[in-house]
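Take a look at this one chain, the form predicted alone, written out in structure tokens.
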């Protein structure tokens, strides 16, 4: 319940307050349970999860420390919540995320007796700083992801299809304890490797082609993210030259990851390497993003970012160069901000050549 108490400290400015959670990952963060309809956190009174019949028994077993309220067939969820808000005498209610229609319906049910505000950023302030338990789970997710990448280096060879590589990767991660993929596996070869989100198709990998492999494992709901670029066969001099630029940019950025570092400056550290090499226009995305229960979370590492890193942030460092018609290069690791040197949750396999 420490997370609940932390939310109350930043969300409840005075008495008679409450917080209503609708975002599925925020509900998972507070309750450890999936499949909920919403969560009501009052200043005084029992914290309550609302759940439909299909997930009712699971919620009773997993949502420890919460009252579990069944939303029966035919019942109106918003109306049910409004009655509980009135019963708790909540005068100020913050909501993390709510559709326009449901916002209007809830406001109408409360009839002006409760002041309603959308305050989704409050939960992000908590979620973006991971505690040691979360870091432990993410470290394991990183290990599982690294195992998947090891298999990628083993199976990529001329004639193998992209989806076959993806299948071997995902199978290997699952066998080692992965709960699922953190996102759709990317195995993009040849000219398709120049598409940052190239996906995975039935295309057969050809000798000498670049292959961008972007994978992630989920472990106890927490995720990891890792990308490597390799060649099926012997790399050309141009391929080796550009790869070395991206690899240097990633290492330079990684060395700047520390508490209080400005996210924009970390991005700039990588971007300068690529710019000095003459490929600035081909680095078409930000350097990285936060990771946790979702694969894209705050903080953001980009030229426009105003974020500052804090101990407990987990971010990706993923510079890239994408040459349409030739191929793409990206090297990515999931990195935790620590008191001393940053910690890589994914590591190894910094080679352009697949195993022969």
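Positions refer to the first chain, counted from 1. For clarity, every value in this text was computed on a predicted model and none was experimentally measured.
Omitted from view is the form predicted in complex with another copy of the chain, to which the following refers.
Trainee: Within 4.5 Å, heavy atoms only, one stretch in 128-136, 233-241, 80-88, 93-101 touches another copy of the chain in the predicted complex. Which?
Mentor: Selected range: 93-101.
Trainee: Would you check, heavy atoms only and a 4.5 Å threshold, whether residue 304 touches another copy of the chain in the predicted complex?
Mentor: Yes, contact at 4.5 Å.
Trainee: Contact between residue 285 and another copy of the chain in the predicted complex at 4.5 Å, heavy atoms?
Mentor: Yes, residue 285 lies within 4.5 Å of another copy of the chain in the predicted complex.
Trainee: Looking in the predicted complex, any heavy atom of residue 200 within 4.5 Å of another copy of the chain?
Mentor: Taking the distances in the predicted complex, the answer for residue 200 is yes, it comes within 4.5 Å of another copy of the chain.
Trainee: If you check in the predicted complex, is residue 179 within 4.5 Å of another copy of the chain, heavy atoms only?
Mentor: Heavy-atom contact with another copy of the chain at 4.5 Å: present for residue 179.
Trainee: Can all three of 166, 171 and 324 be found with a heavy atom no more than 4.5 Å from another copy of the chain in the predicted complex?
Mentor: Answer is yes for this spot.
Trainee: Exactly one of 227, 250, 185, 146 has a non-hydrogen atom within 4.5 Å of another copy of the chain in the predicted complex; which residue is it?
Mentor: Filtering the options by heavy-atom distance leaves 185.
Trainee: Another copy of the chain isn't shown here, but in the predicted complex which of 258, 220, 109, 265 has a heavy atom within 4.5 Å of it?
Mentor: Exactly one listed residue reaches within 4.5 Å, namely 220.
Trainee: Using a 4.5 Å cut-off on any heavy atom, which residues of 245-277 would contact another copy of the chain in the predicted complex?
Mentor: The stretch 245-277, when checked against another copy of the chain in the predicted complex, contributes only 271 at the 4.5 Å heavy-atom cut-off.
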